[in-house]
Every structure is written in structure tokens, then in C-alpha cells.
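This document starts with one chain, in the form predicted on its own, laid out as C-alpha cells.
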């Protein structure tokens, strides 16, 4: 599959809007950090070692199946690398260091493999909705197939060796992207996220470490990787997710009972602006997208679905806009193009819904 096909479409398998508890949980992800034995970590490796890792990874990806492709990042433009970040296929860190870096991905983009990021290999599986056990099973199977071709850096007493000590052991980061608009609106999100942090979980923005929680989207993930099995990490995080989901749903129920007109007006205005705006900044677009996602969850917008909204999260970002335009755009031109693409996307969704 040509990389162009991945870059041109704003949707991925994980963003289809299906899966359990999709009203709150956008996606579930399991990521495994792995390094190849007897080769120094990326921060210390020589150019020859970096090239060796690329060669070994490309060979190993060949055994994953015909629905996988391997792409080196060095030839890509900065906007194209940003699109891969916006679709959660690579990290911002990998996008900033494209030399001797690569990404492999399945055609449906649920699974991907970063090469020469912080570790030699960062493999991940993303599933729609609250689906951590399924993501873990698929990641584990993918890991086993890669390990059949590669010798991992592993010590019986320590587990998988990683560049950062916080990943030592299982090398696993399990996470879920959650949408918490009413907890944010009510001012309760701070206390909830502080409680989650106190019991050993990290809360970050939608693109992971060092990013802001735009659009009321947060990533909740484990911090402990040593002394627990992968199954225990997944099970414990899933329990925490259950508590987060309950808190958001209770807040939504309360808001709907106490201020139904205010809520309906907020959702209706957001949808109307997105359908008719000629200028949209990123911040405004993300706020309005959050409002209409809430409207879908409450059954107030039957003409669109979660998949439609999830695609907007990519469409409104700078990398995707630059790719559509074929060049980097100044802010004013981005705002015009963003508004047009959002209008067109919603119109197509409405037409498709009307034809069903």
C-alpha cells in the first residue's frame, strides 16, 4: 500500500467510533518498548548501528503479513510527518528526528511500529472504544512474531531492557484516550485526574507526554511497568477507566437534568458554527468538535456519528491542512481551509446518513 493512501485519508481503524463505552473512551492503546540485543540504544548508537536497526526491523516486518508496509521517514516532508503524528501512528519525538527513523503499519492502521525512537522498536496496537484486553492480545501476538526474527535485549531478573528506566520490565504502556467535556465544564476534572495520578497513573494530552489536553481529550496510562504482569497492568487500568467513565456519565446526567436548554443550545450552536463557518482556528474547532461529540453521546445529533467526529480531529490539524494544500500555510489561510474541509466533511456525513 502506498504511503500516500495513509496520508490522504483522515480515518484509521481505531477511529471508527465503535467499541464498548465509545461515548467516553475514544480509543484504547497498548504500546511495547523493545530493543535489539547487542546494539546500543538510539541515544547512543552510531549511524551504522542505526542503519542496522532499520535493516533488521524492515526484515522482521516482512513476517507480519501482506497487510503491512515499511516506510522510512527521511524522505517525508515535515507536514507529512505531522499527519502521521495527528493520526497517532508515530510520536512527536520520532517526527522531529526523521534521519534513520521509520514506521511500519498495517493497512487498517490499528497496528504500527516505530523504529529508532527512544527505543529501537515501539510497537503499538490501537482499538476503538474501551478495548484494552483486545489491544493487549493483538500486541502480544505481534510481539511474538517479531521476536521470532529478532533477539531482544532481555534479562531474566529485570525483563525487557529499555532506554528509559521507567519502561523497564514489561516495557508496556497501556492507555486510553477519554473525552471528559462535562467534568471539565463543571470544574471537577482536576480532582478526578489528581486522584488517578495519586494511585499511580499518568494523565497527559491527546498526543501523549508533553502535550496539552485539547478538545477535552486526555490520555490515561499506567506508569508502573516492573513487578506486574502485562495482564495485571491491563486489568488495573481498565478498572480505573471504569471509574473515570462513571464520573463523566454521572456529570452528563446531572447537567442534562439541571440545564437541558443550556446543553441543547451549546450543542446546537457548535454544530451550526461548524456547518457554516468560513474561518476556524484550531482552538475553536477543537472546542466545537468536543461539544458535538457530547451531543452525539446524548442522542442529540442523529445525523452524524463518532467516526465523523474522530475524522475531524485529524482534518483540522496543521499537518493534514498543509498536505491538502500542498504547502505550508500561514495561519489565516489555514483557518479558511480548515473551515471549508470541516463543512464539506459534515455535509458528506449528513448525505450518507440521509441515504441510509
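Numbering follows the first chain given and starts at 1. Since the model is a prediction, treat every value here as computed from it, not as a measurement.
Keep in mind the form predicted in complex with another copy of the chain is missing from the figure; the text below concerns it.
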Q. Thinking of 264, 279 and 336 as the candidate spot, does another copy of the chain come within 4.5 Å of a heavy atom on all of them in the predicted complex?
A. yes
Q) Among 149, 230, 138, 284, which has any heavy atom within 4.5 Å of another copy of the chain in the predicted complex? A) 284
Q) Just one of 205, 268, 98, 133 has a heavy atom within 4.5 angstroms of another copy of the chain in the predicted complex, so which one? A) 268
Q) Closest heavy atom of residue 190 to another copy of the chain in the predicted complex, within 4.5 Å or not? A) no
Q) Heavy atom to heavy atom, is residue 200 within 4.5 Å of another copy of the chain in the predicted complex? A) no
(Q) Would you classify residue 273 as touching another copy of the chain in the predicted complex, given a 4.5 Å non-hydrogen atom cut-off? (A) yes
Q: Using a 4.5 Å heavy atom cut-off, indicate which stretch of 82 to 90, 256 to 264, 104 to 112, 69 to 77 touches another copy of the chain in the predicted complex.
A: 256 to 264
Q.
For the stretch 65 to 89, I need every residue with any heavy atom inside 4.5 Å of another copy of the chain in the predicted complex, listed N to C.
A. none
